[in-house]
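Okay, so here's just one chain, in structure tokens, the form predicted alone.
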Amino acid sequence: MAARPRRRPRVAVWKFASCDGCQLSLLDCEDELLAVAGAVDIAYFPEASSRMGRGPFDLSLVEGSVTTPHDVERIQRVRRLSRYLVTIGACATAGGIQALRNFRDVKEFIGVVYARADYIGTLARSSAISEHVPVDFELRGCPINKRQLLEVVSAFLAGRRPTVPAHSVCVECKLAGTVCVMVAQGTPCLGPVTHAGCGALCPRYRRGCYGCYGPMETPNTAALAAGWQRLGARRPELLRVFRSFNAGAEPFVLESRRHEEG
């Protein structure tokens, strides 16, 4: 009797509140994506296919933050359908740029923008997926590094922990032989507290890091802010730099609040 064909792992890609950039990073893998597609069954990926497979899924990749009551219900359903759930990008791991709402009165915004505020159903906060359901791994970035994404997918399909560096952008600068822009030029840079993954792109072109990959493990944001102040940065600038792509990440939230006026 012929052996039954081995079932390919089923993968789903989900979108919540986001710009789709991280899903596009997956599509940008091109040849590597073809290899992945040959090894798995991409059962649900509306960005790439009209196929809408039903769960359960072996691996779910989730882009975007939770911003509405419907999002809360939906992510709980995704979690129930998924053996492993991996969040990808700054929106899913830290609330994204839309987490700027967390520092203001959302009702006031709605009243200014919309003629009928009663038609709008939204939450006061934009939150990371992990605030609502258990997450098996968080892949940071705005957008994510496609090589790191392939490593994460491969790792979970192979039943091992992903090998994604937890060090700062400064280490990437050292590995590439890039001169430190803070030391050599006096340019404020978030590299010492930012998770690696971008290849230190901005310092390579003599610009300070913008913190696209969010906080590294145990970031000393207070020491970095003090260094920026010695370079001439004022409180409004420090407030702004910690409230960007990863405004909702706890270390950046805590540091930004230290520089609020009043």
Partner chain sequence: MLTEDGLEALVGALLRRGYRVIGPTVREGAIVLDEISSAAELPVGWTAEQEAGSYRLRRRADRARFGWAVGPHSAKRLLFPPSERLLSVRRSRGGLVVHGGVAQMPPQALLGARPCDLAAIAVQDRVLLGGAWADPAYQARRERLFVVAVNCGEAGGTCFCVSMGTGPAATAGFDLVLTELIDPDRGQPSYLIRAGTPAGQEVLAELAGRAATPAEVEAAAEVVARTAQSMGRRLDTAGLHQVLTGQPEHPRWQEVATRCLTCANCTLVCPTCFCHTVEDTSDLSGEHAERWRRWDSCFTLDFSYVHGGSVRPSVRARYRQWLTHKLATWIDQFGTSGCVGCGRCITWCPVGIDITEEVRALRGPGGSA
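Here the structure is a predicted model, which means the values were calculated and not measured. Positions refer to the first chain, counted from 1.
We do not show the form predicted in complex with its partner chain, though everything after this point is about it.
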Among the candidate stretches 210-218, 41-49, 232-240, 62-70, which one is within 4.5 Å of its partner chain in the predicted complex when only heavy atoms are counted? 210-218
Site check 99, 107 and 113: each within 4.5 Å of its partner chain in the predicted complex by heavy atom: no
Heavy atom within 4.5 Å of its partner chain in the predicted complex: which of 127, 178, 122, 148? 178
Answer key: of 161, 77, 83, 132, within 4.5 Å of its partner chain in the predicted complex (heavy atoms) is 161
Within a 4.5 Å heavy atom cut-off, is residue 117 in contact with its partner chain in the predicted complex? no
With the cut-off set at 4.5 Å between non-hydrogen atoms, does residue 27 touch its partner chain in the predicted complex? no
Whether residue 93 contacts its partner chain in the predicted complex should be assessed with a 4.5 Å heavy atom distance threshold; does it? no
Contact label in the predicted complex: residue 188 to its partner chain, heavy atom within 4.5 Å: no
Scan 190-207 and note down the residues that get a heavy atom within 4.5 Å of its partner chain in the predicted complex; none is a fine answer too. 192, 206
